[in-house]
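Below you'll find only one chain, the form predicted on its own, shown as structure tokens.
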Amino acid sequence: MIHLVKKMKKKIGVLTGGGDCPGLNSVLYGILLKVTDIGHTVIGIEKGWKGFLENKTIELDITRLDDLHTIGGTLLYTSRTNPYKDAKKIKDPVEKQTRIEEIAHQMASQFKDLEIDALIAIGGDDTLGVAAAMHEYAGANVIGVPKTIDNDLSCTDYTFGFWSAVQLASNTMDNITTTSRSHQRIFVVQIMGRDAGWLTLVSGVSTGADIILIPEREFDFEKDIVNVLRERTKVGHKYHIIACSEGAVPSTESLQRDFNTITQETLDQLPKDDYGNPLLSKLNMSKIITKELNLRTDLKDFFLKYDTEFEVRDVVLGHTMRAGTPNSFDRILGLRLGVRAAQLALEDNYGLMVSLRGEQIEVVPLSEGVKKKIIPQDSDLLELSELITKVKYESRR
């Protein structure tokens, strides 16, 4: 007599951490499609690592979430809670490492309370860094899905949400250009991007921004902004758009020479979030540049000499870049990443991150996937931005 052994039903936990972005629900729906098809269960963990620690869960029923991939944001809510926050403050390296490992084991023990067999963490380098430590030090059954509209995670060509955010920023700058042209204004548009300027560079090139400032290249206020505005005005341009990454900063020389409203101390004393990242929203570089330009009476006189109004305004796109529904690219990418992550969990393959390489969804070690990706100095996109800035006024001489 043959006895058939019924396979245990798996419970796959999933959480979203960090800032929200278009495509999060697409990943969740991809996971649901795959797991439900096999007959297993998806347990949603609300509010990221905060909910993970507080056992805030909800069983996700796909029949009540029809076409979830078309909806923006995340139905699981999100937070920037860092379970390793206190450990990061420990100065002694040995003691610090010991504490990190202890927390990793404590985190892994939460699987029992949450009643999950595996965890899919969807987030950026901060969220996935927590997951990577759990796997490295405690052998936790975790899988990562890269999420950041900044597109600054290594090992993946694009992160979902990036192209939706690019389109939102591009649309806004296109609209700002019309009012800039009508009033002969200078607009300084601040775009998200703390460590990497992908969003600013791509949306800036897309809309033909006249000056593009990114974290990868410290700018010289006189050379990269004031002189360019002078040259553009000299040849007849009546309005100007400056695309400024939130993480763009002046060189030390320029900061000391050209700035009246901030000092190096201002930058050094910025408050930090739970992961130790400076809160650049407290700095607001676009507003600083606007203030500095408005202090330049010499530049105002120069504009008037060429019968051009001198009015400088700043616009911070901020959370509007995270808003709305994902575009088609991010919907499809999110679904594909979710399905592949679920497949890994069902196959008991952990400590991995799913990624887009060319046209394929591949897997990489989670510890590698959480590393930063910034714009290389030989990028053709940088060349494009330089050509747009330079040729626009040189060709009209």
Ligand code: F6P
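One rule holds for the numbers: they count along the sequence shown, beginning at 1. Just so you know, these numbers come straight off a predicted model, no measurement behind them.
As for the form predicted in complex with the named molecule, it is not shown, yet the points below apply to it.
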Counting any heavy atom within 4.5 Å as contact, can you tell me which stretch out of 111-119, 193-201, 130-138, 212-220 lines the named molecule in the model of the complex? 193-201
4.5 Å heavy atom contact with the named molecule in the model of the complex for all of V145, D330 and K373: no
Only hit among R80, K234, R313, K238 for heavy atom within 4.5 Å of the named molecule in the model of the complex is R80
If you check K96, R322, R230, R296 against the named molecule in the model of the complex, which one has a heavy atom within 4.5 Å? R322
Do A243 and the named molecule share at least one heavy atom pair within 4.5 Å in the model of the complex? no
Just to confirm, I149 within 4.5 Å of the named molecule in the model of the complex by heavy atoms? yes
With the partner left out here, check for me: in the model of the complex, does some heavy atom of G13 sit within 4.5 Å of the named molecule? no
Along 18-38, which positions have a non-hydrogen atom within 4.5 Å of the named molecule in the model of the complex? G19
